[in-house]
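Next up is one chain by itself, shown in structure tokens, the form predicted alone.
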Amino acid sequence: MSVSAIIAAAGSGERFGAGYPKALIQLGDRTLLQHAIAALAPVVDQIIVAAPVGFEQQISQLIGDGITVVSGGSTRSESVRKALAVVTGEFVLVHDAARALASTDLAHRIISALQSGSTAAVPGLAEVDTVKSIDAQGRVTATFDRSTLRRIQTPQGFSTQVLRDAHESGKEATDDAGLIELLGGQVLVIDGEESALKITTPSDLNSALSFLGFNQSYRTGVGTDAHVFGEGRALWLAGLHWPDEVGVEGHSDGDVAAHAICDALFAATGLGDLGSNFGTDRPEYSDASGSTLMQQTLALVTEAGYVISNVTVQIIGNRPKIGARRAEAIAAISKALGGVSVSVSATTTDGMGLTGEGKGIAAVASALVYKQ
């Protein structure tokens, strides 16, 4: 029984931010599309690629002879319908180029399910999170039994005639199995695989690289900072202004949380420390805000080829009380660092030392980075 495969590759890649079709993004030594083709080629008789309009010739040259390229549509369903018009196999697999690392074994198991009598078979992973539905106001309306839920992947397999009938209905769905379901058809779910993740964002690409063995070189760093209080100074801490609080002495605004984070990032990347980058010999940083220094640190870290995975900072002092503004602090730090994951905590020293005696404030931070 002959098997055809359709690879939906017409996505613009807008969410990825690459500026060109997502299927042409490089993953290791080849594009997402080439990975997908390599996985399907051993188990199918025909491969059809639904390409972005305007990129048909480029994709044809990339993938070579023996593979049919058709112009994709404005929606995924439209792209599949166009490709179905030239399918010759009794069975057809529909695969997303964005799931570039779905294995040949997964495709083989889908085909085996079709050969065993199923007219529609898809791979899925068990849901490990609690899933709730909400109304327009964000209120929970139901909590689902996750033991019955699956996260559906591709390639999805069908009897070609059954899939054609489903598409002739003119309906739209986020996947082809959804069209079968809308017409009352039965869809079998088999075990999927973690490597068949959908690559939609740069972080997804990094996850995919780890499956290929291109593990990032992770590095960690720790930074600390402390300043004494100084009358007449405004208090800036964690990127926020704290009115009615006494500020601290310092060359810049004295934001100990921001300074500790910068030092942690410099330590992790081997780029010196706060003093060597923004010290008193750099008059342009006199009175600079903590947010400015974090932004400058991000630029230096990025230029050196590193990506920030996450940062944590613990503020040490009797005042101010951090809890009420913790969410603001996390948002301010994350914004200055380009949207990374941030954790903020606070503690005291039970009356001991500079902070415990109320003479000043301190912070200790850690950072996790990896080489891009």
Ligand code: CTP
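These figures come from a predicted structure and were not determined experimentally. In this text, residue numbers run from 1 along the sequence as written.
Beyond the structure shown, there is the form predicted together with cytidine-5'-triphosphate, which is absent from this document and is the topic of what follows.
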property	result
Interface residue in the predicted bound form among D225, D96, D253, D175, criterion: non-hydrogen atom within 4.5 angstroms of cytidine-5'-triphosphate	D96
Partner-contacting position among S79, S291, Q156, T269 - heavy atom within 4.5 Å of cytidine-5'-triphosphate in the predicted bound form	S79
Touches cytidine-5'-triphosphate in the predicted bound form: E357 (any heavy atom, 4.5 Å)	no
Distance check, G73 to cytidine-5'-triphosphate in the predicted bound form, heavy atom within 4.5 Å	yes
cytidine-5'-triphosphate contact at K198 in the predicted bound form, heavy atom, 4.5 Å	yes
Any non-hydrogen atom of A10 within 4.5 angstroms of cytidine-5'-triphosphate in the predicted bound form	yes
Residue stretch of 181-189, 136-144, 156-164, 97-105 approaching cytidine-5'-triphosphate in the predicted bound form, non-hydrogen atom distance within 4.5 Å	97-105
